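The chain that follows stands alone, in the form predicted on its own, written as structure tokens.
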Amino acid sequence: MSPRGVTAYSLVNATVRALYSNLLSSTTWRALVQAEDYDAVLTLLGKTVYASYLQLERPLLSPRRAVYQLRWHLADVYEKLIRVTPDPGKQLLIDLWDHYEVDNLKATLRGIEAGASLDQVRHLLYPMRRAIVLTTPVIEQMVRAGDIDRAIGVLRGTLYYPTLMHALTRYHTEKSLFPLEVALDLDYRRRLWQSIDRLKGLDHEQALRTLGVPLDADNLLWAIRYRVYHRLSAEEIINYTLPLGYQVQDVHIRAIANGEDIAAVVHQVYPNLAAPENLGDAEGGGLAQLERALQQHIVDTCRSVFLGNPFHIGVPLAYVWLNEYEIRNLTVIIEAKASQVSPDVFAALFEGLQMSSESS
């Protein structure tokens, strides 16, 4: 790393280290899993970095609203890191943040399809400090449009419009939002890969490592789900996945699409991953086990970024990914406690999953 690189990333590194220290401890995770009820979860979170986001009147803190409030922390983190990260790494952080806008667009389309009100849609969305296209007025206009065709028309002239229009015929043929959502996901990920490839040297190497692992996991899981649960044809599976990746390559996706043994393909890509053998059985629970194993692989990869040279784009990328998983897991706990699900039912989801920074 050149002296210029060290200087450019010194503030980023200091900022991320401070944020990293606030990831929830293993003690807090155990307390959350064993909490008596939803109110007890809120009390525990009131002693963490999320406290300021939950300072609403208790009647307003429904489980859905609480999750929405927690997501503001991630929005603030992105805003802070984008502000201090130098170019060209800054642009990759902005491009990574865009995937929340894509998720918001999908949630808006689902709300329109279900006939939901604007208020019902609003708290399904990720809070956005810096919306690229999907500003609040645009979302309001889409919801008020009343149907999918007119809502897509609101997006005319944006980067999402051609992608959605291309998939609109299949939406009408299949009477499902699936083609629209897949088209948005694939288009976004292609653009993210292009953003990664614009980086050079250590930044490119670390961005590829940090983002390539979760992007690979999504692509692999898509292919398996399409084959095992949706029974799609080989051609459809190939069309609905990406032909590029970090470790998961086109040859692996095509092997799954063409009916080869799924576990063998997974072991080929990840020889050290604790993956189950029954991945072709829709009822066997193997896919859920694989998802947990891949999540742990992603978390371990992100935590390893904090070892060694810290002056590169991988450090802020790894942190935001860890924070994303932290909020996902908090969402599981909040929903389980609000539904009065026994810890025995969902605690296995967290067994062995090390989310905290304590051992780093």
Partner chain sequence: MFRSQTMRKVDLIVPEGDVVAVTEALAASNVFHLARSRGYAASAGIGSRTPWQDYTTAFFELEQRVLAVMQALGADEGHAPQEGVHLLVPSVARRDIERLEREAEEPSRDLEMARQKLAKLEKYLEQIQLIADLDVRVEMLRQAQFLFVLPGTIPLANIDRLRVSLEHVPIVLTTLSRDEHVATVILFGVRRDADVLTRAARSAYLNPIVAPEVYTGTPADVIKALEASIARTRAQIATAETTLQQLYDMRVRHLRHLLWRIRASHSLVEAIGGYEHLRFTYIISGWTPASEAASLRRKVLEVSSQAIIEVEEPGRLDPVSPPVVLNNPFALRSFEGLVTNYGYPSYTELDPTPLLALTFPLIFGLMFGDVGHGLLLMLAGLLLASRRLRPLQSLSSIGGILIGCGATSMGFGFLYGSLFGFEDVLKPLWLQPLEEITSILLAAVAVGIGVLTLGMLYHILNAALARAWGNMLCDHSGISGMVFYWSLLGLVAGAFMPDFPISPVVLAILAILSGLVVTFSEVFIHLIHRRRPLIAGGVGTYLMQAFFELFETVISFLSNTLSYVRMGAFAVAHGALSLVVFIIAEIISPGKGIGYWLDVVLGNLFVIGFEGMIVAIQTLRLEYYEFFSKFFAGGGERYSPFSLFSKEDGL
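Numbering follows the first chain given and starts at 1. Please read all numbers here as calculations on a predicted model, not as lab measurements.
Another form, the form predicted in complex with its partner chain, is not on view; read the next lines as being about it.
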{"property": "Exercise: I253 in contact with its partner chain in the predicted bound form, heavy atom 4.5 Å", "result": "yes"}
{"property": "Contact test in the predicted bound form: R209 vs its partner chain, heavy atoms, 4.5 Å", "result": "no"}
{"property": "4.5 angstroms heavy atom contact with its partner chain in the predicted bound form for N104", "result": "yes"}
{"property": "Residue contact check: D87 to its partner chain in the predicted bound form, 4.5 Å heavy atom", "result": "no"}
{"property": "Output flag, T15, A18 and Y68 jointly within 4.5 Å of its partner chain in the predicted bound form, heavy atom basis", "result": "yes"}
{"property": "Partner-facing stretch of 328-336, 315-323, 297-305, 60-68, counted where any non-hydrogen atom is within 4.5 angstroms of its partner chain in the predicted bound form", "result": "60-68"}
{"property": "Among the candidates R129, H267, H230, R150, the residue which, in the predicted bound form, approaches its partner chain to within 4.5 Å (heavy atoms)", "result": "R129"}
{"property": "The single option of G111, P179, P214, G280 touching its partner chain in the predicted bound form, heavy atom within 4.5 Å", "result": "P179"}
{"property": "In the predicted bound form, residues of 234-264 near its partner chain [heavy atom within 4.5 Å]", "result": "E235, E236, I238, N239, Y240, T241, L242, P243, D250, I253, R254, N258"}
